[in-house]
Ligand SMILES: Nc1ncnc2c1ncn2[C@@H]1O[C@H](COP(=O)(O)OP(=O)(O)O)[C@@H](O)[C@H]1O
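Only one chain is included here, represented as structure tokens and corresponding to the form predicted alone.
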């Protein structure tokens, strides 16, 4: 079966820094993947390269069998790739509704009400905040809006998510985890950079661990809970509940 995403011998330099050093992996539709590693391992750089924000110095990226290595960011977005960065890039001076409508730009206007209803079912907390300025939301609410603004577009088939629960309370971690489960059932494939066991266990099927820009270990996500030494050794995280 043809993979949804395939990386072959990917190398990425940032100036004189050699960040990604020959990464290879495949992701099939519905096969959510966790990208794990310590700070500075290259996780964010890898996501940005897949999205087209950074240009590889060597190697290839294929999406649905098409070579997109040279495609621009907006072209990849139109193909169905969405990116949720680790910084909450919302428009603070706009309302929640206006942020969501910006995310829906370019789709058929007839289905916008349906898509708004879809994201508000996933993030019901936002329903009562539609007319609030985004800058006045809590950190958890802003992160939900950050994700909702991307997925309001029905064409997203691959979602690249960078540490979505960083700094959030357990309540919002749980809600975002539940939202990703809904998206998976809707046919969205997720590549997740995260260290919280709750998300890794509930959302992903497989994992890869990066160290100094190279994949040093990969396997089924369940293995991380059967052998917590993997997380302690490679990431410095204890695998406990949430």
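Here the structure is a predicted model, which means the values were calculated and not measured. Numbering follows the first chain given and starts at 1.
Beyond what is shown, the protein has a form predicted together with the ligand; the following relates to that form.
A.B. asks: Between the options 69, 45, 184, 177, which residue brings a heavy atom to within 4.5 Å of the ligand in the predicted bound form?
C.D. replies: Filtering the options by heavy-atom distance leaves 45.
A.B. asks: From the list 38, 55, 26, 217, which entry has a heavy atom within 4.5 Å of the ligand in the predicted bound form?
C.D. replies: The residue in contact is 38.
A.B. asks: Is residue 230 part of the interface with the ligand in the predicted bound form - any heavy atom within 4.5 Å?
C.D. replies: Contact with the ligand, no.
A.B. asks: I'd like to know if residue 10 sits close to the ligand in the predicted bound form, meaning any non-hydrogen atom pair within 4.5 angstroms.
C.D. replies: Looking in the predicted bound form, residue contacts with the ligand do not include residue 10, since no heavy atom lies within 4.5 Å.
A.B. asks: Scan 1-35 and write down, in order along the chain, each residue with a heavy atom lying within 4.5 Å of the ligand in the predicted bound form.
C.D. replies: The stretch 1-35, when checked against the ligand in the predicted bound form, contributes 14, 17, 19 at the 4.5 Å heavy-atom cut-off.
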